[in-house]
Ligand code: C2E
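Only one chain is given next, in structure tokens, and it is the form predicted on its own.
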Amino acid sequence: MKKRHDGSKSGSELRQRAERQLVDATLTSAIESQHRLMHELQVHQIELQMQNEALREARASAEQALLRYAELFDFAPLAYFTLNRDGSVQQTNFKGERMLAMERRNITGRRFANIVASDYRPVFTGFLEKVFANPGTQHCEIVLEPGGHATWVSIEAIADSDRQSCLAAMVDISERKNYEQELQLAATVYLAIEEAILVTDSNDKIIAVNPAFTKLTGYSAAEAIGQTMSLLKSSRYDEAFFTELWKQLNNTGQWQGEIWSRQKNGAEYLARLSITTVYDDQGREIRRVAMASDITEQRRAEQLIHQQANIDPLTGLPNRRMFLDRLQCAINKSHREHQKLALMFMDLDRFKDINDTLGHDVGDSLLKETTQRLMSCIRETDTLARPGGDEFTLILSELHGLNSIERVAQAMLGTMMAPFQLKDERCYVSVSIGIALYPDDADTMEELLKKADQAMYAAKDKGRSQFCFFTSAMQEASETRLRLTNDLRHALADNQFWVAYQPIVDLATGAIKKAEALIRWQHPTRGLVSPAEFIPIAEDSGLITEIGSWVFHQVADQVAKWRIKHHALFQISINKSPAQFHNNSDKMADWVEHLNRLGLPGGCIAVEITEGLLLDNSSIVADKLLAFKDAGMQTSLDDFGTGYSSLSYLKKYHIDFLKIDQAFVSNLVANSTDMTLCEAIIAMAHVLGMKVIAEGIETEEQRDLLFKAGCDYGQGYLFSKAVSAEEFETLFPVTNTEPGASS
């Protein structure tokens, strides 16, 4: 029994144990499941936490990336603009602000096309259309005008994926554009410039030429490239010249000057050449640029202008302008080197007579041959010049004594003594030479010129074909002449002049029916001044016309009185200077009007002229001589036989009287040469219908010989010297028995 109880208890315990074990197992399984779930939850939570952390990190990274993008956008070295499809600005960066010189708030929302220069807006509009119509980047170059300031920009733009906006990057290319324009301008100039340009490399080989080079030289670019500049080398220069040229070019990098060059056809031309060396950053020669222009014609024109301005075209000698310049230079040099200098003034004697008689072409030939003769007497260092007319000057420098001056002067006088064969005429011409020394006679050019001129006139006064050194006496004479010139200007107004009359006697009857009027000057301090002294001064100063008019009025009034009182046909002759004929202010009409007022015919006046005046081809002289004839005045030719007489002029101007010069009368004796000449003159005059007046009759023998030869009238001291009108009255007879006698 006991054993069964124990056995039942054991089975129950086993069940309980098994149940407990099952419960424990179930509980354990549940706990384990809970643990697993918790673990899974923990793992999931960890995963979630990790995901959140990753999200936070991603967000932070995205924010940082966005910040970096914004910084990159804002501080980018390029100007960025985000543009809407309509071209309005969404945003820009700082570079864009600076490019447009506007704040971003003023840019945003603005149409970008309004900032584009008007000429380029169509370009920009077309560009924007291509950006939104095509994938990829588009490019254009336009001009912006923000604030009126033009800026060249290069634009690259690409549209976003939605094609509603685009990002545009812009770069300021103004400097590049200016450089391109400068390059284009340089290229245009290079091609269009008239100066020939060639460029050589470091080996002096030609690598480029412009069209002007081809035009100037005849060498095409293909022919010139690869050659050296010796291609143009002229034969005018030796190697020493080019050695010096290259030496200067290598030392200074430059050379410029005038140089003769040779063209392809062998012709040579004068060029103005400039060569410049181009160096690299290390100072090495890399290029030489040569520019040349043809100045051949320019130099010829300059030489022609210089020739015309400085050279006498007839003789090829320096003219007055160049002569004065060389004289001043010679004086300056003599002053520096303490040497003497001689100035010669030369004047051809009676050149005007030959020039007027034989024609100006013959006169020109005479001047040219005279030049050759004078040149043969001087050194190459001396300067022979022709200031004008028949005057020559000579500058003798570097002198050591007067002997050399005298030798030159004597040589010149000697060479001029040989006859000149001019066309069919054989002529003799001499020269008068005046000499002044620097610094002995003068220390300035003006004084030296004046004193050489004075010496030349002194040589003429000595008898021509002479040379004369300046002396202080000449200066005194010149000063006297100057004082006389000044006094002469007041003499007429101060009534210092009076008229003297010398009778012209009819040799057949002894009657006085004519007279010659001669002006006299009673100077207040010098007394009576000779007409030979003051008439040339009056001619040079132009006072001769006014004085001549005064003399005419005095004579006209006097002849009116003597025609009433002594002889109805009385005639007075008046000397008329060649200077009066050439002066247009000397009006013939004034003379005729005055005679009309006095009721006098033109025949009451005879006009005395010199032979030289007849040889003058001037129309003024011819017109005045014919006007005298038309007015009824007679013409008397004074000093006949002493000059270059021409019978054709005697006939042309219908001369009424010939006056035999006193040089033929003063030594007149029977059967002499002078007698033969007088007889020939008288016979010739009568054949031509002229009357003859002999001057300088001082003896009865002279009067008788002339009367026997047929001379019509006589004048001279035998009858009377020139006297005042009052004294002349005493020469008339008490009664006039021939009031109607012909003159």
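These numbers were taken from a predicted model, which means no experiment stands behind them. Heads up: residue numbers just count along the shown sequence, starting at 1.
Although it is not shown, the form predicted together with the ligand is what the next lines describe.
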Contact test in the model of the complex: I693 vs the ligand, heavy atoms, 4.5 Å: no
is_contact(A240, the ligand) in the model of the complex, heavy atom dist at most 4.5 Å: no
4.5 Å heavy atom contact, I544 to the ligand in the model of the complex: yes
Close approach of D349 to the ligand in the model of the complex, 4.5 Å, heavy atom: no
Contacting member of I535, M170, M291, I655, with respect to the ligand in the model of the complex [4.5 Å, heavy atom]: I535
Candidate from T315, Q502, S261, T357 lying within 4.5 Å of the ligand in the model of the complex - any heavy atom: Q502
The ligand in the model of the complex: contacting segment from 29-37, 42-50, 678-686, 714-722, heavy atom within 4.5 Å: 714-722
